[in-house]
Each structure stands twice: as structure tokens, then as C-alpha cells.
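Take a look at this single chain in C-alpha cells; it is the form predicted on its own.
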């Protein structure tokens, strides 16, 4: 028996030595074995991922068995961060691009080889437009970097300390390219230092020369005199409310965006000169609101279930002023039953006669649901199987 065991052990040793002699030595050995099945031309391009270039397929893949598709050692960004540890620390700071935050590196990058720098899947412009589908690819007048697909001239692709993942704050970014007498000549009679470029210009393009935004504030279209008193640069909220009387009424509500110490609260959200749509917002509604309500963005952005239309804040909130909590357009039932007409008639009772034992207030839709987003189906605050119900029904 012992002789047979020794014979088998000797045979294994001979096989191992034979493999060592036959297989190439060094880091290229793994790739040589892999390419005996996988066509090498499918892993070759202008730019090749360094582990692949060195033949280190085993840096990412287990050749025998793994928990993840593609025989990968880890899933998503966890695999990438095994090597890119500095990036992991950096990408956890400030404002982070959504795919990066979700660990979806491969939504932009090829893992093996690419014809584009940075191992981008389709080149910079096409990669960006694959997600940002609402952007126009071309305008009548288009900003030069945008025409060339040079998104990274202004934006950082992974994270930034500035809104919209910009490289620098406000006009600092614009003035990194636009300088000198030509810039001043393009703005005759501008009072004081040139600033707040995006108040008039669309950084991508527009139908107006000088990439002036498409929708002009009526007084701005006629000139500056209607709003700016001679020799006075700042314009207070009262000037805006002098024309917009319906908004002025909101200043007397219990909750209003028009309170505070700023010289002009209106221009926190609206451009006084030009914008891309008729409400003269400085950006999309979600961008403008989340610019201040960052905590809300962080809390709900990556939740599994979201109410359709949640990105349109004005569907439920009166953004100028309201006497209701969180500036809703109706109470916790009224706002929901505008669309969900049958709710409360055949489901859990709601209304003034149904009291929440925890608060003493009436049970409403938002007692159980979080319309901004939740990790539970139907945007429930907790699991509907049990956890949510026992908050009130403790005796069951």
C-alpha cells in the first residue's frame, strides 16, 4: 500500500515538472494558457489594461471557480479597487458621479482593451451621451469644447467638490479659457467685473449667437434699465416681486423660500437674464432644488424604489411658499389622492378620524410611504410584511 502511494506521489511530481518545462515562464504564462481558448485579437487594441498587458489574467480572474460571473475574484468596483486604492479614497469625497458611487466602473470603462484613452468604451463623447440622453449633440451655436466632445475640459468624470462635477467654481472655469480684451469687448457697458457667466450663457450651446440662452427674461431682452437702477449693481427681491405679484403673496405663508438674509432670494434659483426654459431656472428642477437640499439627495438617490415623477419637485411641493409642512401643495392625503383617487377607500383607512397612536395625528399616505424613495416596494418606510405594521399594531 505504501509503495503504491509513493508511486502516485512520484507520478504527480513528474507531471508538475513536465508542466513547468512545457509552459512559458514568467508573468506571460497565464495569458498563454488563457489564449489557447480565448482569441487574443479580442483582447487587443490601442490601449490595453496593464494586468492584461503583463499577462496577469489571474489578477482579476480565478481560472477554476469563483462567486462572480466571468470567474471574477470580486464584484464591480471592489475588484477595481484592489489595485486602484488611491482612487477608492478619492472617489469617496465630495460630489461623486452616479456610476462611480454605485461601483459601476464598467458602465464607462472596458476591462481589457479599448481604442480610447482611459479604456473608455466608446470614446469620451459617446460614453457621456450613452447616459446623458437629454443633451443635444449639436446646437445652432455650439461651444467649441462641446462640439469636439471634450466633456472633460469642464467636468471631472469621477468626482468633484463643485456642482455638476465642474473642475472649478463658476466663472473661474470660464476664465481659464476666456480672457483679455476680446472678452471685455464682447460685454460693452457691463457694470463692474465680469462674473456669473452662466446667468446668460449656456455652456453647451444655444440657438442664439454668443451661446446666449434661448429664453430671455422680458426686461433683459429690452435692456438693463428696468431692473438695475443707474449706478446700482445689486437688485433686491422687492424688484422681482414688483412684477411677480402672485409670488409675492407666498411671502406671507408659514413656510417660504423667500425668507432669509440674501440680497435677492429669487436669483438663488432663477436667472434674472436668460435661461433654457420659461421658468428661468438656473438648471433642471432637480439640479436647482438639490443644490440646497443635498441631504435629501444623499438620503434618497440610491434607493431601490422611487415614485415616478419624484425628480419633478413642483408636482408635490409649492416651491415659493405654503402653509403646509415641507411646503406641500396639499396635506399628506390630499396631495396623493390627486392621482391615486381610490386610495383610502379599499386599503388601510386614512383621514382625520384615523389616529396614529405614536403621534396623535391623523394617518395619511406619508405615514407609511416615502414618495421620495425607499428600499421597500411601493416606497414603504419599512417592510410591509410585518415591520411597518407593528409600529402601530403592537398587540397583534
Partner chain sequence: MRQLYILTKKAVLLLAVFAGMTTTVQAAGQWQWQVTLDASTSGKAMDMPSALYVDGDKQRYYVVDSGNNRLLSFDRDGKFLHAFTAEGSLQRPFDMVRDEDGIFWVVEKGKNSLTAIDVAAKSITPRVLRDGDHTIVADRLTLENNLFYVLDASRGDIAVLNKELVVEKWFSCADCSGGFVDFKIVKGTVWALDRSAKNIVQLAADGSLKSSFSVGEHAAFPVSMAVGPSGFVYVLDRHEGIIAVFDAGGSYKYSFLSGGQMRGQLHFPVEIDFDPWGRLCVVEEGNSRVEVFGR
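Residue numbers count along the first chain shown, from 1. Nothing here was measured: the structure is a model prediction, and the numbers come from that model.
One more form of this protein should be noted, the form predicted in complex with its partner chain, which is absent from this view; the next part is about it.
Checked against its partner chain in the predicted complex, the candidates 325, 182, 243, 221 yield a single residue with a heavy atom inside 4.5 Å, and that residue is 325. Here is the short version: of 195, 117, 278, 299, the single residue with a heavy atom within 4.5 Å of its partner chain in the predicted complex is 299. Using a 4.5 angstroms threshold between heavy atoms, residue 260 counts as touching its partner chain in the predicted complex. In the predicted complex, its partner chain sits beyond 4.5 Å of every heavy atom of residue 319.
Using a 4.5 angstroms limit between non-hydrogen atoms, residue 293 touches its partner chain in the predicted complex. Contact annotation for residue 394: at least one heavy atom lies within 4.5 Å of its partner chain in the predicted complex.
With respect to its partner chain in the predicted complex, the three residues 254, 265 and 360 uniformly fall within 4.5 angstroms at the level of their nearest heavy atom. Here the chain stands alone, but in the predicted complex its contact with its partner chain, taken as any heavy atom within 4.5 Å, falls in 246 to 254 among 150 to 158, 246 to 254, 279 to 287, 308 to 316.
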